[in-house]
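To begin, one chain is listed below as structure tokens, in the form predicted alone.
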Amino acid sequence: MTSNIDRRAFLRQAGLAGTALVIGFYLPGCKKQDGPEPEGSITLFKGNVDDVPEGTGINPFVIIDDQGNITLMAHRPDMGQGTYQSMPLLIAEELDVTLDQVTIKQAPGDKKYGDQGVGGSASVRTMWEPMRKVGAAAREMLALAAATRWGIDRADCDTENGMVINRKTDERLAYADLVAAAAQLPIPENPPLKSPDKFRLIGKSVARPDVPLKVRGAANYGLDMKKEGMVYALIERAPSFSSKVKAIDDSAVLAIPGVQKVLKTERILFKKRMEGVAVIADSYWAALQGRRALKVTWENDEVLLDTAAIYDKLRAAAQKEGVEVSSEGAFARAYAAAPVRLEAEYETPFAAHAAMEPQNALVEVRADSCEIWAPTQFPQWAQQEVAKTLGFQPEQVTVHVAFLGGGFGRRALPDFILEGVVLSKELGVPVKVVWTREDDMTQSPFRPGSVNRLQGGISSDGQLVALQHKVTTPSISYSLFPGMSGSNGEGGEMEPVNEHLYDIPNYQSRYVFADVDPIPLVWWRSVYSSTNVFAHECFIDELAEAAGKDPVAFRMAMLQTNQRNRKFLQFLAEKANWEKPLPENWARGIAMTHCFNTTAGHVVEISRNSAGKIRIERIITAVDCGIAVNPDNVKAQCEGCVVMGLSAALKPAITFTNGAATENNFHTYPILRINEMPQLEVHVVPNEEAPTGSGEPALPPLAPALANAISRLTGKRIRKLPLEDGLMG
């Protein structure tokens, strides 16, 4: 099928004339058509304009004008994971241009671009084929235009560095010279894609174009956004998540130069509503001074939870049977018959995202429209929630996406944007809401803590014949969304243990819901995998020890069905020289997992000094994410996972006192410092499988690999995170 936009109607909409080749695609559900559209399919289209302004109703991904200017759209937000490069690079590969030859433009939030959300390590995995098809379609049209001019077959043309090459004569035509002719050609429905052996960019460590911008301070983050006439808003937030405003004394606040107004406001976090008091000023400093002078009396009629009470509740809930989520064989019978049985309970803490850039948003609400400048992971979700709040249609809300100074799941939520919406609507001017670091630490939704109980049975010949993994944790879905029960374990709470790695003949996973309202919860890098894998992989090591088996050999025996994962474990063990003896008072630990369609694992080497203090000497990381679009970026993501995973394992956790988070800045909730970073090697498994996730999978196995190393060295099992004070040197 050939699909075209009506050129005259398109030009009338755009208000432009000129010649350009514009290629995009409709995703399922984005285009009206007869009959169902196959899942995962795209319909390519083209237009003939020299630019595509916002609001035209199409989603251009490639724009090539007759001056040779090539614009590629980055339609997914970049929070450091590299989508600003990777999305356009997939197009550039098939188009046969380098990133030096193109201009990358960040797309605004709009449903016409399909799913723009970043999370779940899904961007490259889901866009691998659609983005390449866009580039390939443009390449084929340009090559056919050249072949027609030369009077030769398309098969006699090559493309390279923005030019079409005549194989017979070596004559060359630049894409700019072919745009007018190519724009008249029908667009191929299924343009041929390159085989991996023809890749010039994919699989190479190509420099990221956003890095120079960030080094020079030229990249626009949310905090950089400004608009004439805007005011700043800092919000005094409740001492607990359920506190209400009883009285406001703003007499000292209004005397501060630059402060304009003080008003009660509301934070909308889906089903939750949290009250606050906003100080409005003409500068951030004035707003901050005003907030410090503000006096608010709060009231609360709910039970105020603290950490001890929360974990008492979790441990008590863990004694319940819970609901069965997955099952293979007959666990209860096999476990009862096993000659060796083992039980263990593991605890993981609540965690904050601690992104370098605190939450912020610049919002202007007008009578019939709203414009937003914000660092958001899900611009379309923000667009929908803002429209709902204002009673607008989504098309009346424009979301300009900034670079994100870290996200990790926190910036999926639009609550900080809605704060600006509420205030701008009331004040009638653009409002820039800025959270302080303390706001971000104490008020942001958190990764939920958990208690995991496991039971395993070993046969007389040392084989794992029965395993049950029961997860007790709050439900993020229940915490956020109305109508969610949170009781069935279908909100991701069981990932990835409901589809575990190993061949275990009798396996069962169960879930127990634990309610910790009103504490807000949200996804944290690798979500439930970050807590569940700690318990699962530590227990696998405990079972290996009980069976008298080497941890790698024990796992290898359970990796017969999935040969790809078996080869991965062999790869990791070889890179770590697992069989090589270590010096005295050294030990190794290993852990691996499969999540976000990727297998990742670590070997952690540690030592113990004469004072009994443990030091991490070396971490060997491996990841099998299919074709690594940019191997250097994959390694960088693994490095980030190690830093975040070690921070969560070694540093203080988020705790609660009287219904509020206790840790409020990096002095009480520190992340790993550069002088604390151990030697790290990252190895990407080479293969030609389609790409999978790389932003999150290396985080979950880090803590269990460290804990398993400590257990091998000290004989003491680690079943609780973070590690106790004084253990590490």
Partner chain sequence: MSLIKLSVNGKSYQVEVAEDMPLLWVIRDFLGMNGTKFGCGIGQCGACTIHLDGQPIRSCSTPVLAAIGKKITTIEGISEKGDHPVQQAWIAEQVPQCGYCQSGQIMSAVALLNEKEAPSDADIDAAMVGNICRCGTYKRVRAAIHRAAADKREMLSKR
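Numbering follows the first chain given and starts at 1. Please read all numbers here as calculations on a predicted model, not as lab measurements.
Missing here is the form predicted in complex with the partner chain; even so, the following discussion is about that form.
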property	result
Which of 476-484, 549-557, 305-313, 284-292 sits within 4.5 Å of the partner chain in the predicted complex, heavy atom basis	284-292
Non-hydrogen atom contact Arg437 with the partner chain in the predicted complex at 4.5 angstroms	yes
4.5 Å heavy atom contact, His353 and the partner chain in the predicted complex	yes
Any non-hydrogen atom of Glu681 within 4.5 angstroms of the partner chain in the predicted complex	yes
Proximity of Lys580 to the partner chain in the predicted complex, heavy atoms at 4.5 Å	no
Position in contact with the partner chain when the complex is considered in the predicted complex, options Phe416, Phe408, Phe534, Phe446, heavy atoms within 4.5 Å	Phe408
Partner-contacting position among Ala387, Val245, Leu650, Leu223 - heavy atom within 4.5 Å of the partner chain in the predicted complex	Leu223
Contacts with the partner chain in the predicted complex, stretch 71-95 (heavy atom within 4.5 Å)	Met79, Gly80
